[in-house]
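Here you get one chain, nothing else, as structure tokens; it is the form predicted on its own.
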């Protein structure tokens, strides 16, 4: 979340930067400055009255001791008036602060200087490609046909039990799913990430802390009776571990990862590109989350990108890395890279990971800070996260890219986890 101080000092800069995200901040920043000025003026007036009340209170006893009852009674009456006026000002200040916060949470994060303007995903920039394209025939099957042929994932049974977007994994399909989760966690541990198994339900404060609320409530499953939300990603609970926490500088970076089931309503999704495993309401994902020193967060982002790239290389998947343009980057992110893998059966690229630096946007909401070892001052940290990896489209690409006359080949890196080398 941006601060009123930044907006007061750099309003023109903020307006220009948010144009990259196709967001017109002209009107709202004016309201923020106006509200912040009113809040400050109220505070100055309240402080002045408080000072006057304290000064008068100190002399009341002395006046009574000197038998100056009339003056003492008048002074006491004045302190009563001042208390009431201060109380009224306190209410007005609270109203101004509430309005200021309501306005501030409507502003997206400022994009990094490398983010290019653009309207949507078609204007994202491919920064590199890797892996070897599979030598597949033109009649390669999409995964929704393969899962039926080998009876490993049952879409219809999921529809029966719950509804669309909740598949049932069976036999070698379930084993493949479990293998991928353990593989991602083991590789994350090798890279220095500590594993956390968090809850999949979070409260409203946690949703606000990482920016899902109030921006994405329409995409989240809400347990209304308890006012809890099913998580869209492990980013939410893992990052919120550090809400209202002050870290020592030498503790940074804090590197965590977690496997969770994730839940997204995906309201309005339809069409051929959401068939099969392409877009689900419940899915498995391993997330990496880093709390970083501000001066090193972009080095951290590069490290996270290399980790995800390492995973897709081990899975022998052709991939490309995209830098998202202003029209496709999220509300909370300063800079995001997407990883896409090639889907031989669908003959298109599938997004399997987003890796983002939020700079201090989330930490300002979370009140997550570190203590500078030289100045001893508390400073906001930078937060980052990335999918490492989301399973549904990885499974789709693995099935489609590795289909053979014998069955579906399992990549060598996964065989120790699956216990089999072919799905037949």
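Residue numbers count along the first chain shown, from 1. Since the model is a prediction, treat every value here as computed from it, not as a measurement. For clarity, a rigid core is taken as the largest C-alpha set superposing within 1.5 Å between two forms.
If you look for the form predicted in complex with the RNA, you will not find it shown, but the lines that follow are about it.
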Check: Quick one: which of 354 to 362, 386 to 394, 54 to 62, 22 to 30 gets within 4.5 Å of the RNA in the predicted complex, going by heavy atoms?
Finding: 54 to 62
Checklist line | The unique member of 161, 127, 274, 246 whose heavy atoms fall within 4.5 Å of the RNA in the predicted complex | finding: 246
Notebook entry, point to check: Using a 4.5 Å cut on heavy atoms, which of 106, 300, 182, 79 is close to the RNA in the predicted complex?
Noted result: 79
Margin query: Checking a candidate spot here: are 281, 414 and 418 all in contact with the RNA in the predicted complex (at least one heavy atom each within 4.5 Å)?
Written below: no
Item checked: Non-hydrogen atom contact residue 38 with the RNA in the predicted complex at 4.5 angstroms -> no
Next item on the list: Spell out, yes or no, whether the shortest heavy atom distance between residue 66 and the RNA in the predicted complex is within 4.5 Å.
Entry: no
Notebook entry, point to check: Just to confirm, residue 34 within 4.5 Å of the RNA in the predicted complex by heavy atoms?
Noted result: no
Next item on the list: State yes or no: in the predicted complex, is some non-hydrogen atom of residue 378 no more than 4.5 angstroms from a non-hydrogen atom of the RNA?
Entry: yes
Margin query: Going through 13 to 52, which residues have a heavy atom within 4.5 Å of the RNA in the predicted complex? Please give them in sequence order.
Written below: 39, 40, 43, 44, 47, 50, 51
Notebook entry, point to check: Is the C-alpha displacement of residue 30 equal to or greater than 2 Å between the shown form and the other one once the rigid core has been superposed?
Noted result: no
Checklist line | Core-superposed C-alpha of residue 56 shifting 2 Å or more between the shown form and the other one | finding: yes
Check: Has the Cα of residue 367 moved 2 Å or more between the shown form and the other one, judged after a core fit?
Finding: no
